Structures are given as C-alpha cells and as structure tokens.
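One chain comes next, on its own, written out as structure tokens in the form predicted on its own.
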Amino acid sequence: MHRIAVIPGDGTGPEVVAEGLKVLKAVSGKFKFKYQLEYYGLGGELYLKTKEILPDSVLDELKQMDAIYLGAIGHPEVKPGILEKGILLKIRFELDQYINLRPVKLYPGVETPLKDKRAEDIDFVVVRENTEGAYAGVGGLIKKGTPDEIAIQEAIHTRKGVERCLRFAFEYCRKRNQKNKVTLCGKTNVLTYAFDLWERAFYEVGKEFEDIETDYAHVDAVCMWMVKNPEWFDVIVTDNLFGDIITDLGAMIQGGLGIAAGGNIHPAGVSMFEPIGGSAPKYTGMGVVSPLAAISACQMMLDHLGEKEAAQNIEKAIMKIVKEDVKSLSAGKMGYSTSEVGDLVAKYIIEK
C-alpha cells in the first residue's frame, strides 16, 4: 500500500493532477498494486482565505507519506516568493529532499527547437543539489528603500551536502548504464571557493566508480553544449542555482514544459514529484494544457516507489501518444483537451 499525498495546488495544477491520478488508477489496476491518497489544499487560495501557507500539522503528516504528488504552486494574486518559499522550499528542506532529479529526454514525434537533433541525441539527466547553495536563504537587506541599500544573498555549500549529491549522481549513472559519464557543471574560474569544494569532492568520489568517466564543464559551456551537442551528456551534476537554470533549458530542448517532469528526492525518505511548468494561471479551467508532464511525474513517482513495470508502461503510453496522436505540446494546440489526453494514456495502458 503506497500512501501518497496529493497537492493539486494552483492554476492548472488541479487539472493536470487529475489526469495523472486517472493514469495512476489505470496502471494500478493493471499491475495490481494498492495506493491510498490524502489530499491537501495548499496554495494561493488557502493563503488568500486564511493566510496559512504550510501548517506544521500538515508538514508532520507529509513526513509520514511514501510520496508526494504536486501539481503547481503560484497564484497571480500572491506576491512571488511567498508560496514558493513557504511550500516548495519548505517541503524540500524539512523533508531533506536533497536531490532534484530532472530527466531530459526527447521522445520520437516531439519537436525540439534544435536543428537536426533527433530523439537519440537528447537523453540525459540533471542531478541538482536541492537543499543548499544560493537557495538556503542566508542573507538580508540593510537600509532597505534608501540610496544606501545593501542586499546580501549567500550560497552555502557543505561537504556533506555536496558529497551525497555527487554520490547519488554516480550511482544513478551506473543504473542508467548508457554512456557511463558524469559531468560536473560549475564555475571553478570565478566561484573559486564553492567549486573548489565541488571539484575536489567530485574527483574523490569518482575514484569509487572506476567504470564511470568523469568530466567537468563551466556552466556557460554546459548551456552552449546542451544546444549544440546534447548527445555529449549522460548525467550532469551541479549545485542548486545552476541546476535550476540548466533544467529549464533542458525542458525546452526536450519539447517544452508540456512534457517536462522532475522529482525532489530523499533516497531513504519521502520524495515529491511534479511537472515543472508552473501553474499557468491564464489557462486555468480551459482544459487546453498538456497533462503529459504531470503524467510523467506520476511515472517517476511509481519508479521511485518500486513499481518499475508500471512506470515503464506509462512511459510507453506517453511515447505512443506523442508519436501518433498529439499534434503539439503547446497549450491549445494538442488537438485534444487536457482530459482527453489523460483518457488516451489510460486507454493505452489498459490495452497493452
């Protein structure tokens, strides 16, 4: 029995989560596993009504779950940063979800903006450190609103945090068993203190994985090569800030936010899975956004929970749809409604 917390969230989040749960029901029936859902109405509407963001009682309940399935966080009437820090970052930090895992995979039939690149050229994973770096919240403002205002935002990197992220990347690379190469993405020529630590730890941990090739590239070079030669990459490991940036670039080259999903992972604890496209409030209630990213997040969640065959079945259904049915992953251009795409995925799972 898998206990899954469901946070539909804001904007189009509830719409795409509904389709992910539709697929979850179909695949659980086929592969005979059980799950229990607990819903939490966190997000902008709750905050506007009650000023509550993430009550401690809810956080305690989330810690008892097997996984968290998230739709989207972000409300146009709530100042940016309040919900993101109060829900997303708080869950990541409090549940110590120290890995952000982002597969970047182009499926046949999905358009990429990269000229002459095919599905076999774009298939890598970004392992992003998820609880430290510039997002640790260390810093402040002095003399705010005056000509002498000073803003300080510090990045925190610990040996423990860096090393456990690196070790996860090497182990994940070994499991993938593809190019067997881990690339460290950093900025050793400018951020000399932080990435001295990252680079030393990278090569020290790498010695434990003699079957894995090690490689280093500055973050600006990684951005260029993701566009020019994405086939070079297998697993990229990086810090919180750089990982946040390059994974959005990764989403674009794999076909857009309509299919990009990610996981906030604690390998021995409670992990959270989500589409990375945000709440898209202007499309709320219209039934025009792609649910495939949310369905892919469900696939990642099941894989993490040990339901490997079910997860593979979902991915095969997604690949069939983007090759044979869906015209585009852009909102309003799929040729199907949000719920109809979910119906198709569920149908293909049951038929297989």
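In this text, all values refer to a predicted model and were calculated from it rather than measured experimentally. Residues carry their position along the shown sequence, with the first being 1.
What follows is about the form predicted in complex with a small molecule, which we do not show.
Enquirer: May I ask you to choose, among Ala134, Leu114, Leu89, Leu197, the residue with a heavy atom within 4.5 Å of the small molecule in the predicted complex?
Expert: Of Ala134, Leu114, Leu89, Leu197, the residue with a heavy atom within 4.5 Å of the small molecule in the predicted complex is Leu89.
Enquirer: Which residue among Glu84, Glu231, Glu213, Glu163 has a heavy atom within 4.5 angstroms of the small molecule in the predicted complex?
Expert: Answer to the contact question: Glu84.
Enquirer: Want to guess which of 189 to 197, 144 to 152, 89 to 97, 164 to 172 is within 4.5 Å of the small molecule in the predicted complex, heavy atoms only?
Expert: Checking each option against the 4.5 Å cut-off leaves 89 to 97.
Enquirer: With the partner left out here, check for me: in the predicted complex, does some heavy atom of His75 sit within 4.5 Å of the small molecule?
Expert: No, no contact at 4.5 Å.
Enquirer: Find out whether any non-hydrogen atom of Asp244 is located within 4.5 angstroms of the small molecule in the predicted complex, and reply yes or no.
Expert: Output for Asp244 is yes: heavy atoms within 4.5 Å of the small molecule.
Enquirer: Would Asp239 count as touching the small molecule in the predicted complex under a 4.5 Å heavy atom rule?
Expert: No, no contact at 4.5 Å.
Enquirer: Is His157 close enough to touch the small molecule in the predicted complex, meaning at least one heavy atom pair within 4.5 Å?
Expert: Close contact is absent here: in the predicted complex, His157 is far from the small molecule, nothing within 4.5 Å, heavy atoms only.
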